[in-house]
Every structure is written in C-alpha cells, then in structure tokens.
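Listed next as structure tokens is one chain, alone, in the form predicted alone.
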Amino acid sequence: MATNHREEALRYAAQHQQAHLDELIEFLRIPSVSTQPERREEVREAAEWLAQAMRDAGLENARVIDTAGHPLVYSDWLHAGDNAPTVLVYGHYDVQPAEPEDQWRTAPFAPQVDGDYLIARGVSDDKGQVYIHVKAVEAYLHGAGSLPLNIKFIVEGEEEIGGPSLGEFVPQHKELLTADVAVISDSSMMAPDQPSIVYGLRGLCYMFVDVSGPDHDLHSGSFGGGIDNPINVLCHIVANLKDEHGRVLIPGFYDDVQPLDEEERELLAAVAVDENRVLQTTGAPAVWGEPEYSLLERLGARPTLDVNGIVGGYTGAGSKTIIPAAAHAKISMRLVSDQDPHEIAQLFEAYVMELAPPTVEVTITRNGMASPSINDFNTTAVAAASAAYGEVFGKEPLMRREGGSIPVVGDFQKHLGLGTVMMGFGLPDDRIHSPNERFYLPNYFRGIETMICFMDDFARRE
C-alpha cells in the first residue's frame, strides 16, 4: 500500500480522537470482572460490545465465541492478498476487581478524565490498549479504504484468571489463528516519551495453602500450649519459603533457570532505571531483592515468590483470644525460562508438606499456571515496531523483559510457532490491579498512530 494511504489513516485518526475517547469510555463502563461469578453477564456484555465495535470499525467475521468459561471475541480482515503478511492481534477485555472501592477517587466503572489521564478500572489493563488496535484498523479502513496487510483479532475474557479457555482454544483452532506474527499491547513503556518493546515475560505458578487444626475456634487460655495454632504453623511455613534477600528456599526451584548471558545483561543494562521514580511510583521506602542482580533484572529476569494474601482467626475490632480453626494463604511464583510451572508446583507442594507438622492438616490447591516466554528481538516485525515507535514518539524503543505474565504468548509459541511483538502503551504508574487505575491519554492517541505506522512498515518490509 502506498505510504499516502498511511497518511490518510493518520489524518482520520487525528480527526476522530474525541469519538475514539468517547467509545473507550463506553467500553469501560461495563464491569467485566472475570473472577467474580456475579459479573458473568457483564463480562458477556463487554464481549458483545467489542464484537459490535469491531464490525463498526470495518472488521469482518466479528463474533462472540462461547467457551466453558467466559467468551472469546474474534474478527478479521483478509483482503490484502496472499503475498501480504498476516498479523494476529491479542488482547483481553476482562478486568481486575475494583476492590477496595473506598480507595478510588472516582467510581471505578464511571470513567473520568482528569487532565491528561483517563481513570477507570481496566483502562490500561487492557481495554484501552486493545482498543488502540481496533481504532488503528478503523482509521485505515475508513480513511484509506483498505489495510496494507491481513489482520486477525482474538480477544479473551479470562486473562485475569489465567486464560484457561483460550489455552484450550488455541491448539484446537490453529488454522483460524495462523499468522506471521502476533502483536500484543498489554504492557508498559518506560516513560511517557520513552517507548519499549518487551521480549520476555515471566510465567506463573499460583498456589492456595489451607491449614486446619481443631474443628472450631478454641479459647487460647484453655488450650494454648496444648493445641497447635494453624496461623502460627502457616506463618512458619511462609517464613521458610524465602530468605531475607528474596532467594527462594524451595529445593530444586532454580535448577532449570537459564542464567543471563553477558549479551543480554548488557542489553538490559542499557535501560536506565530511576530508583527514585520506582519508589515514588510504589510508595515503598526502599528497593529490595537479590543483591547480585540489578533492579531491572530482578523485576523481569529473575523468578520470585510472593504471598498475595493471608487470612485466619479474628480480624475485627478489639481483641478475641482464640486459637483459630484454620488459616489460609495465596502464594504466587513468577517464573523465568526454562522453569515449568507444573514442576515448580510439585516442588512447592513437597517442600510445604515437609515443613508442615503432624499437629495440623495442610491442603494445597493449584490455581493458575502460565509458562514463561522469550521472543527473538532480531526480527522484521520488531524492526517495524521500532521504526513505528521512533516515528511517533521520536525515540527508539528500549528492549526489556517484563515481570508480569501473559499466558497466551507461550501458547502462541508452542501451538502456532508464532513469535510475539509486545508493543505496550501503558506507564509504570498506571496503577493497574490497584485503585485509581489510569491511562495517559496522549499515549492512547499516539498508540493508534503507532499501530497505523507499524502496519504500513511491516507490510512493506515483508
């Protein structure tokens, strides 16, 4: 496609910014919280809304695909010809719970513009970012009449709960999803004016640990010292999972971890990380972690173990002297190549049971698995992404690993033989998964421009 068609698409995007913002706000009003059963109808409503938005943008075959869980949304446009490349765009329309809602400055599902930011649950993770791609396609189809390449969309409603339905769908629908490269916008840039391309993601192993003792709460004066306390036991187990520097103590945990070679350490070292900015963003008093690794390496290239929640006993106002009947913990482990989440789960289970005394019963449940992934950053698609970022933002993107997990990236590699380019437009201080989630609106609009330039550049290179 001639470059002037790209200019027509860019002109259309610039002229329709307010409409694109209004549509995103409408999308965000739908509380598509995948983990809450009472929101099931709203999750489906979001899928239906997105499918219609795709039709309005000019995409074809847009449909909601039922699964055993929440539905998928598929669409495509395949008229660029057999010699043109095909891009598979992935995203998710489900969002995290809004709780604690009393910490939001505005209602989480009543989007508000605050200066250069749009505040709402899911605005950065991932509704705003996936909608960038829909609007970039619309700009080409409505502004220039056609796309320079073929494109497919697969958008899920279960990413925030591990993506089980899409994990089953991908290997069963290889022909439908065949493409030359996948593109995902579900990550962040280093700063508002410094784009980055993520080439590595950590995997996930999520475990529930339940410790039970007596069959009811006991008076601590009558039974303390004679009946073991499940909270004490759970705290002992948790305290023995890591040392004071963050090194995981589970035997065999690091056996399959691929060490960082000098080339990659130099690549990561080129990414300047402002520790003061990290502290300002997080509100933490100091950074922490394995001292032999840089902060950026700890955040994306090293495995971790974190207690995400722990509860038991009496937590109301005042005191209540009891030995509680049970205690519970939710523990996640972020994994790097070549750690297998199922093998890590087995190691975790064996070690926790070894730590558990015979005075309580311990039950362990697996609640989410995702494999880590590494993508080649010396590809035509990455070069096109770099060029597009450079044209719109005026700076070449930095290459880095991301600490989070996107399960489908590993599925694309394993089942489709498909590399992924992760072109994020969020920012580190977007407060995803937290109250007052926000999206920097200039990057929403620049994101649309960047994807327009990417499609044109990638098609010409291919």
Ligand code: BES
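Just count from 1 along the sequence shown to find any residue number. All values reported here derive from a predicted model rather than from experimental measurement.
Keep in mind that the form predicted together with this ligand is not shown, yet the notes after this line are about it.
Fill in: Region of this chain that lies against this ligand in the model of the complex, out of 160 to 168, 343 to 351, 98 to 106, 257 to 265 [heavy atom, 4.5 Å]
Contact criterion met by 160 to 168 only.
Worksheet item: Does at least one non-hydrogen atom of residue 404 fall within 4.5 angstroms of this ligand in the model of the complex?
Response: Answer yes; at least one heavy atom of residue 404 falls within 4.5 Å of this ligand in the model of the complex.
Fill in: this ligand contact in the model of the complex: residue 204, any heavy atom under 4.5 Å
Although this ligand is absent here, residue 204 would touch it in the model of the complex, with heavy atoms inside 4.5 Å.
Discussion item. My question is simply whether residue 334 lines the interface with this ligand in the model of the complex - judged by any non-hydrogen atom within 4.5 Å.
Written reply: Answer yes; at least one heavy atom of residue 334 falls within 4.5 Å of this ligand in the model of the complex.
Practice prompt. Answer with yes or no whether residue 40 is in contact with this ligand in the model of the complex, where contact means some heavy atom within 4.5 Å.
Written response: Flag for residue 40 set to no.
Discussion item. Just to be sure I understand the contacts: of 187, 339, 229, 75, which is the one whose heavy atoms reach within 4.5 angstroms of this ligand in the model of the complex?
Written reply: Residue within 4.5 Å of the partner: 187.
Worksheet item: What is the one choice in 395, 55, 433, 414 with a heavy atom within 4.5 Å of this ligand in the model of the complex?
Response: When this ligand is considered in the model of the complex, the option within 4.5 Å is 433.
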